[in-house]
Structures are given as structure tokens and as C-alpha cells.
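The chain below stands alone and is given in C-alpha cells; this is the form predicted alone.
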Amino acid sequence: MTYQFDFSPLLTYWPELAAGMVQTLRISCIAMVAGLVLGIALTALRMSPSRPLRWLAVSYIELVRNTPFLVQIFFIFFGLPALGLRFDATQAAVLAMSLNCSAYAAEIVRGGVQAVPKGQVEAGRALGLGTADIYRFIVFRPAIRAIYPSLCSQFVLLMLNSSLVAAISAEELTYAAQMIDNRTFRSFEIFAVVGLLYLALSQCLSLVLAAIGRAYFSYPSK
């Protein structure tokens, strides 16, 4: 083997890698919040007594979950302009990630909601609580608590999948790595470092999400 490993050329590009990490976290956090909100809305539609609304929600969820994420990104960035809807690379990335996350979040949230005993809902009605209060305090909070670990795993996966938006030149960590690789021709070194950076990001995000869980869902279960 004649290849000489040399990580020193990468030192010059640390500011670009740091900026890429910040951008990765930024678009991921926006997509997480938007995806969760849309996911809760989809859960409400899927559990609606209206058959057309249920069919609409199920169709959307199955479409998103059974098509490649990269194809979804390309459709939004390259396909939608044919209909007059144009987004820059970052906007398309956030939109694609949000929509993708919403479909998976909807199924996770639905599982949590269906796990709440019906007796608790009936008890809320007996106490005179309105529908909004019942769903806020009796249904959604216990449901979110139960499914929080699954949501955290989905959010970490979403952050890792953000690397795919580099395919449309959205400026994040993988895109920064590609640009540096084009200048240095040090593919092994740059992508080894970027892999470690993604590992660090996922671990940090997991710790932050775990801290949030302890702060908001640490009340006794019984």
C-alpha cells in the first residue's frame, strides 16, 4: 500500500466543518419540531371518525414511509418547480426532512395515544374536562412520555439522514466534507473525520434529548 495518511491538510478547513455541523443541527432541529407538529396532526386525522380524513392520513404516511428519502428530496427540489413551487437547497432540505419525519412521528404518536387506557378518558369526562383538556393532560402527555425514547431515536436518525441533502448542495456537514475533499483529495481522512463528527453529534443530541426527557417526563407513572 503506497497511500500516505496525512490529516494535517484538514486543519485549515476546521471552520468549514464547524459551520457544517452547526448547519446540520439547525436544519435538523427545525425539521424535528415541524415533523412532530405535523405528526401529531396526522395522528388526529388518522384517528378521526371521518373515513376520508383517515384515508388521506394513511395514504400520506404510507407514501412517505415506503419511498426512498433521497427520491423525496429530489422530487421537492427538482420536481416541484415544474408546478411553480421553487425552493432553494436549504428550504428544500428542511421541507423534505420535516415531511419525512412527520410520517414516522405520526405512527409513533398513534401508538402512544392508543396505549392510553380508555378509562382515563372517561374519567376526564366525568370530571367535566373539555375535549381539549382531555387530550392535553390525559392523552397526549402520557402518550408522549411513553413514546419519548422512540421519538428520540427517530430524531437522531433524522439528523444522520440529513447527510443526504448534500445531494442537492444544501450546505451542511457532508456538503462541507465534499467541498474539502475536492480541494485536498484526502478522501479517507476527510470522511473518517466527518464520520467521527456525526458520531459526536448523535451522542450529544441523545444526551440533550435525554435531559429534556428527565426534565419534562420524570413525574411518577403511578
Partner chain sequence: MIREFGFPELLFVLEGARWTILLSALAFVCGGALGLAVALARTARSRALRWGATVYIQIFQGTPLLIQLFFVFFGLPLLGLQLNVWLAVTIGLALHASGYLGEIWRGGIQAVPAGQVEAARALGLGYRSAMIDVVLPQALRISLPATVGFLVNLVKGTALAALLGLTEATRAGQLMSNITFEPLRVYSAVGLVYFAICLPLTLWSARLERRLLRRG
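It should be emphasised that the depicted structure is a prediction, and the values quoted were computed from it without experimental measurement. Positions refer to the first chain, counted from 1.
The same protein has a further form, the form predicted in complex with its partner chain, not shown here; the description that follows concerns it.
- When you look in the predicted bound form, the only residue of Ala57, Leu164, Ala176, Leu36 with a non-hydrogen atom within 4.5 Å of its partner chain is Leu164.
- Proximity of Arg51 to its partner chain in the predicted bound form falls outside the 4.5 Å heavy atom cutoff.
- Although the partner is absent here, Phe74 sits close enough that one of its heavy atoms falls within 4.5 Å of its partner chain in the predicted bound form.
- Its partner chain in the predicted bound form is not approached by Pro149, whose heavy atoms all lie more than 4.5 angstroms from it.
- Remark: Ile144 does not count among the residues lining its partner chain in the predicted bound form, judged by a heavy atom distance of 4.5 Å or less.
- The partner is not shown here, but in the predicted bound form the stretch 49 to 73 reaches within 4.5 angstroms of its partner chain through a heavy atom at Glu62, Leu63, Arg65, Asn66, Thr67, Pro68, Leu70, Val71.
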